[in-house]
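Take a look at this single chain, the form predicted alone, given in structure tokens.
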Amino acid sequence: MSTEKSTARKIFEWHEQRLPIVSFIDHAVGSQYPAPRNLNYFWNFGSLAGFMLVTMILTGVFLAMNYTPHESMAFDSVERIMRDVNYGWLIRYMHFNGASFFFIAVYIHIFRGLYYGSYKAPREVLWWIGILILLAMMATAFLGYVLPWGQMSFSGATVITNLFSAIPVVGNTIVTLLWGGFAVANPTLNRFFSLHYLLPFVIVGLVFLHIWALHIPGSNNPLGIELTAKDKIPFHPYYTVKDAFGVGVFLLFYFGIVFYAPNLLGDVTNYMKANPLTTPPNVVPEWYFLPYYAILRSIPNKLLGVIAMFGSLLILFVVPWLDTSRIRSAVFRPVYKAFFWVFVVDCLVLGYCGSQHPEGLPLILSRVGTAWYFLHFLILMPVIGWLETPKPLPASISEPVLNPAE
């Protein structure tokens, strides 16, 4: 037995000297990576997003084996996956609902970063890469939503791609390139399928850079203070166990939707085959696009609406400089904390407005919500940072626990 262990150890060491995969993983997310000892469960959503990315890629590969990217066969091929392919219904529902849960994890991850100041120096590049991941996710999700070639897919593709026509001079050329012709048709479907299959692997590359950028300054923590050696613990086994528990809880909700309410997050109109001659009375994107859709429709001018919609995403890149406070965490910033939760409610209201007809009260709320969205970043963040008096910071992350009364 000892001889076998010795031989296996020698083979392992020989391989590690030439391709140190295990050592790299151990350094990245193992016992060699020191992490703050006070991370809460909001830090689980980064690993949950990674878990959902792997799930989406695996289920997507299996779906692609049975999908036909042709306008006359795409809808029927999806129906065949659901009815004739062994466990095809399960794979498709996992993929379809997995997109929603992927966005849930990423959105909570981003809001956590905004609350705890994870975008502040020296983590600006880490934040940038995270926003690039979000943009790549949104592009991938939009492309994938078109592939079933249902009525809502077709109408959504027509409406969203037409937005680029608002761009002066080159707008119509961009639309023609996206369509592969002069209307949403078979060339469009082929292009969208190719890009939808490619972009997840681009996201994998961005995630790799995201983790790399994280390891340079190290993880932020709920208190947002600099750490000493005694404030850190190995990522493995402490946080791998915590992440595993988080994945277990997450899967309860995920598979609860997959098995018991698989169409809850979708639109029944998409179970009708695409017909270019008809248009749904209310073209609505998936829920994770609704706040941006509300911003787009809140402005009467098409070009200004497109600029506002894309601006609501691009403004996130300059958040590290818009926030002028020297304190990272909102735990010690009572004024910013209050406005942060107002901002969260504002995003939820925009999401609701995006699902409604752009008229009456929803239109008024979407315009107020859009104004508040940009007001939060462009005015409130810098002004609060200048004027707010933060609470005193503890000397270490252990102090609030050891001396709670102080």
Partner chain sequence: MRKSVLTAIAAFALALPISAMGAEEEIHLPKQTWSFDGVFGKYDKVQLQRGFQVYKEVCASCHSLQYISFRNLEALGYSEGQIKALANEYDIDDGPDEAGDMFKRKGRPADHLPKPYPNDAFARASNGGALPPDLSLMAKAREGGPDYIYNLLLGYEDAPKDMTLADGMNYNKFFPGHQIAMPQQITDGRVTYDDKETPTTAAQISKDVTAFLMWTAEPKLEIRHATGFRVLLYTLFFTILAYLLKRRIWSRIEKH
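Here the structure is a predicted model, which means the values were calculated and not measured. Numbering follows the first chain given and starts at 1.
What comes next is about the form predicted in complex with the partner chain, which is not displayed.
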- prompt: Each of F75, W89 and I108 near the partner chain in the predicted complex, meaning some heavy atom within 4.5 Å?
  reply: yes
task: Could you check which residue among V54, V61, L361, L348 gets a heavy atom within 4.5 Å of the partner chain in the predicted complex?
output: L348
statement: Assert contact residue (the partner chain, in the predicted complex, non-hydrogen atom within 4.5 Å, options A244, L198, A121, V170) equals A244
task: Choose from 198-206, 277-285, 122-130, 312-320 the stretch whose residues reach within 4.5 Å of the partner chain in the predicted complex, heavy atoms counted.
output: 277-285
task: Mark Y41 yes when one of its heavy atoms lies within 4.5 Å of a heavy atom of the partner chain in the predicted complex, and no otherwise.
output: yes
field: Residue contact check: K273 to the partner chain in the predicted complex, 4.5 Å heavy atom
entry: yes
Contact of Y239 with the partner chain in the predicted complex (heavy atom, 4.5 Å): yes
message: At 4.5 Å between heavy atoms, is S194 in contact with the partner chain in the predicted complex?
response: no
- prompt: Counting only heavy atoms, which residues in 244-266 are within 4.5 Å of the partner chain in the predicted complex?
  reply: A244, F245, G248, V249, L251, L252, F253, F255, G256, V258, F259, Y260, P262, N263, L264, L265
